[in-house]
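Coming up is one lone chain in structure tokens, specifically the form predicted alone.
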Amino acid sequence: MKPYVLVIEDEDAILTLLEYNFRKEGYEVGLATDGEMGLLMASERTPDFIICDWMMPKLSGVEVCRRLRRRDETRATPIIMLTARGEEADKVTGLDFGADDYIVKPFSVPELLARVRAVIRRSAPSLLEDVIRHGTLEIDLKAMRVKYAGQDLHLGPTEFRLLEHFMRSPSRVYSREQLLDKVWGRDVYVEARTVDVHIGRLRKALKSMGGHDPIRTVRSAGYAFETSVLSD
């Protein structure tokens, strides 16, 4: 799965520039041209990362940032603010409202991409990793292989994507609908109960290796991946 970045920017030229470069770097990109659209898109699908302009129609970037930080789903989502404001007081304001970093226009695209990688390394390092490990469970995203307690674990494509998603975001509870968006994609229509079927297959495969089942069912909420049951 590609990391999903939401770009909220009202200047078409910058929006196009960022979309091109993020896609080139392997990101999936969502585009919003004002603050209200950005908040709506973030509520429909939680981004892995957000780039937000300061001066926009309808809602300022600072207000967008403040509202995102009040939501449980986006409370910890990395946010970089883009702005023509270069004064120290403005930077402090943006950071105080929850931005993780601040870049003044005009900016260098390589610098922006480097800042993005730096913030992700601090807040969600698994998004940049090819191999993710929790205890004795390891997933290699380039080789498309899974090992559990040193043994190869054979999974179907959907179970592989489910496990990747869970291992990138341990302990967080995901509803069936959120898992459908993240693993199957927003443009694919399947019943929500389909998630239960594939969760069952993933659990069966994990338990067949003699280990514990790290997937926790949260009643009326969804599923979470608990690393505490995975021994080192």
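In case it trips you up, residue 1 is the first one in the sequence shown, and so on. Treat the numbers as computed from the prediction; the structure is a model and nothing was measured.
The protein also exists as the form predicted in complex with a further copy of the same chain; that form is not presented, and the subsequent description refers to it.
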(message) Within 4.5 Å, heavy atoms only, one stretch in 57-65, 198-206, 27-35, 42-50 touches a further copy of the same chain in the predicted bound form. Which?
(response) 42-50
(request) Scan 69, 176, 172, 165 and let me know which has any heavy atom within 4.5 Å of a further copy of the same chain in the predicted bound form. (result) 172
(request) Spell it out for me: taking a further copy of the same chain in the predicted bound form, does every residue among 181, 218 and 221 have a heavy atom no farther than 4.5 Å from it? (result) yes
